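Below sits a lone chain in structure tokens, taken as the form predicted on its own.
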Amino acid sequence: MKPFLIFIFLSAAFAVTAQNYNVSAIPDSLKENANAVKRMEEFHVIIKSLDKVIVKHRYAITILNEKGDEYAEYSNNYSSLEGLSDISGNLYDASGKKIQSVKKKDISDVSIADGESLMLDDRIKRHNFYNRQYPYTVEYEDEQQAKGTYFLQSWHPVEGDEFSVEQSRYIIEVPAGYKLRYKQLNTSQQPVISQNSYAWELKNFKAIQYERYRPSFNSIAPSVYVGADDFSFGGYTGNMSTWLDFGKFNVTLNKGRDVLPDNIKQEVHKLVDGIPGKEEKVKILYEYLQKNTRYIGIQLGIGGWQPFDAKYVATNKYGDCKALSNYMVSLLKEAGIKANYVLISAGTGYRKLQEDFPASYFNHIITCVPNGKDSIWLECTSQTKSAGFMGSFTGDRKALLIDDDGGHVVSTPFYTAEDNLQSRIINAVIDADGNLAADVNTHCTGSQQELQHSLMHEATKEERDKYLNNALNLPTYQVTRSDYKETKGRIPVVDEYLHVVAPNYVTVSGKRMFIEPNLFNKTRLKLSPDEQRKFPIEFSSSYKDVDTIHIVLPTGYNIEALPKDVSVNNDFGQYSIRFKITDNNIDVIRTMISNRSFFQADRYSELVKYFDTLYKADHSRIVFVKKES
């Protein structure tokens, strides 16, 4: 049976009926390629008023094997703005027989500690039966009470790869006259609306199998997002029917919180008065922020969304992303430079801002200094990042800039392949026993310097050494020395030097010596030609690698076999590798350029051939034979 979406109204949505959790009742099509199957789910959101929402949730998941255990744990958050109660649950064996129920004493209740926060009122309740007799089924039920309609529970019935759904229902009840907005992704169906209720149902959805270079899971799995027009939150009211109105709520939250103490005002003028150029002033004040503050999360009630004022940060010398960004805006304002508070979804796997559907997608705050077509972006939680650089954490995505009149959707910087450069020069020597010693000088820019930046500023020497001695593409080796030099800028640069020794790198067999001259930067990926590709192909970032390798061999060998040069230039990327032998010297130049791009699934066979070509070329061996004495 094909997966399909049925949209129905359920007049008695949450009447609890006996469920058959016998695993034999699951259709074979749903067990195929699945680690877990959602047997049933009932998600009921009841909007009582602008400041009161009830969410009732009941679900059961059958765990088919060890890989499915991640779905067996119950976990839910609560805080001063969102209560959690009526937690119950049961464990069933393969035949559907109940063998255990949740005991209150077994539900853990802990603070959501992130290691960087001073105060959090968010807590989390967890429970796990820790059953390992497969297959088994867990069933849980709870109720949440939210004090506001700023966040409305969205529906994501498919929880991950290799996860099937037998049945999931999602219902929203609204007061009479209440305007509910919704946006459906990866389905064209519409809800059935009856009186003041909206209802969706997903049935018999087969597991999604992971595919390399597939678009993000959120962009392929069915989901429904909902949002209010008028809303209440933490004692504040607002409207999010448009992004402009959404931003007005943040203007209200931040109002009056940009006043600096007199001593900080004097510091600002001492630092930048007489400095020509906006960008240099921004850089000076950003570095002042970095030297005089640090990131600590303080999220209590509405404080999870409202920044502490500038005076608080100035006095205590710490703040979270909201407080530090607001403080940066305040410093710049005192210097006569307009800057804006910006809401953004940061990190990988983020919820993309939907331009046609205003809602609270955001998990982070940054600062933007408008500068014509060359705006300056600032990550205010970092004490080491370059002014103007966003990188992979917040770069190349939509964000909401808060201005005096409200919110405006903007784009953060996009970094090209030339921006994200890794240029490596290797000078290596191989001795008569096949041992390798190499000086490795790597010039990294843009997103390709982020790892080295982290090794410089966030890792201890022991952590850095441990990483370096496990990161290179060599069977056995040791990094005996490492040095780093950083050059800050909108496209920051890190130069890394490593001295690497690799015993028995070269294979010596009788009179012959076998060498893979491409020492470090090798394509490791081989795609299966038999895979039936379902989803499009997406390269999510752009980069350029250039490797220049010089290897000195022991004397007394002649070349016997030299691989051919390879050059590929197609839609997937540009690649070339060239080999040259002069006396006892090997020279290799390898170039790889990959651009962010998108291709339909029917081009998968071409992609397989492309990576197969790269793999063979990168692992080419040169054969030398010992000269006759």
Partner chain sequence: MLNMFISKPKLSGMRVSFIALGVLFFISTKTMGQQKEGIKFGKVTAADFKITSPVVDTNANAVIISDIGSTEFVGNNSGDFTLVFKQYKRIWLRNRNAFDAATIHVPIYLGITYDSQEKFEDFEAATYNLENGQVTETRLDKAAVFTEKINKEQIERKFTFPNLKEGCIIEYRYTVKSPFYRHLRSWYFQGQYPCLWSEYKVMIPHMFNYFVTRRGLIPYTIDSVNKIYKNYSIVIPAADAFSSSDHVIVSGNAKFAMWAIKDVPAFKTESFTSSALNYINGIQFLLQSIQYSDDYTKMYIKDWIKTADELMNDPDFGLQLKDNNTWLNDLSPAISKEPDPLVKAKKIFEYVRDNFTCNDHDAYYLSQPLKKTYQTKAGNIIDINLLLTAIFINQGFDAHPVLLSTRSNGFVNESTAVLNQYNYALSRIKINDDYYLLDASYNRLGFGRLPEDCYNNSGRVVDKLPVLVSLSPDSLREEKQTSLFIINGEKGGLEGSFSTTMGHYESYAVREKMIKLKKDDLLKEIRKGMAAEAKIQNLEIDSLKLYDEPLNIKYDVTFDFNGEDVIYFNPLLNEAMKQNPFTSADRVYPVEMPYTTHEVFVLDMEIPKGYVVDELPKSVRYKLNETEGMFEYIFSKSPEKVQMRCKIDINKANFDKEDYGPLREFYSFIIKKQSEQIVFKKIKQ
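Positions refer to the first chain, counted from 1. Throughout, rigid core stands for the largest set of C-alpha atoms superposing within 1.5 Å between the two forms. Quick caveat: nothing in here was measured; it's all calculated off a predicted structure.
As for the form predicted in complex with its partner chain, it is not shown, yet the points below apply to it.
Visitor: In the predicted bound form, which of the stretches 362-370, 143-151, 251-259, 469-477 has residues with heavy atoms within 4.5 Å of its partner chain?
Guide: Of the options, only 469-477 has residues within 4.5 Å of the partner.
Visitor: From the list R512, K398, H408, K125, which entry has a heavy atom within 4.5 Å of its partner chain in the predicted bound form?
Guide: After the contact test, the surviving option is R512.
Visitor: Could you spot which one of T548, N292, Q354, S241 gets a heavy atom to within 4.5 Å of its partner chain in the predicted bound form?
Guide: Among T548, N292, Q354, S241, a heavy atom within 4.5 Å of its partner chain in the predicted bound form occurs only for N292.
Visitor: Should D565 be counted as a contact of its partner chain in the predicted bound form, where contact means heavy atoms within 4.5 Å?
Guide: Outside the cut-off, so no.
Visitor: Look up in the predicted bound form whether Q266 has a non-hydrogen atom within 4.5 angstroms of its partner chain, and give yes or no.
Guide: Result no; Q266 lies far from its partner chain in the predicted bound form.
Visitor: Would you classify K609 as touching its partner chain in the predicted bound form, given a 4.5 Å non-hydrogen atom cut-off?
Guide: No.
Visitor: So, Q189 and its partner chain: in the predicted bound form, are they within 4.5 Å at any heavy atom pair?
Guide: Outside the cut-off, so no.
Visitor: May I ask whether V429, K534 and Q574 each come within 4.5 Å of its partner chain in the predicted bound form, counting any non-hydrogen atom?
Guide: Checked in the predicted bound form: no contact with its partner chain for any of the three.
Visitor: If you look in the predicted bound form, which residues in 535-563 sit within 4.5 Å of its partner chain (heavy atoms)?
Guide: The stretch touches the partner through E560, A561.
Visitor: For K522, state whether the C-alpha moves by 2 Å or more between the shown form and the other one after rigid core superposition.
Guide: No: K522 shifts by under 2 Å between the shown form and the other one.
Visitor: Note yes or no: does the Cα of R212 move by 2 Å or more between the shown form and the other one after the core is superposed?
Guide: False for R212: its C-alpha shift is below 2 Å.
Visitor: Once you overlay the rigid core, does the Cα of K466 travel 2 Å or further between the shown form and the other one?
Guide: K466: C-alpha displaced by 2 Å or more between the shown form and the other one.
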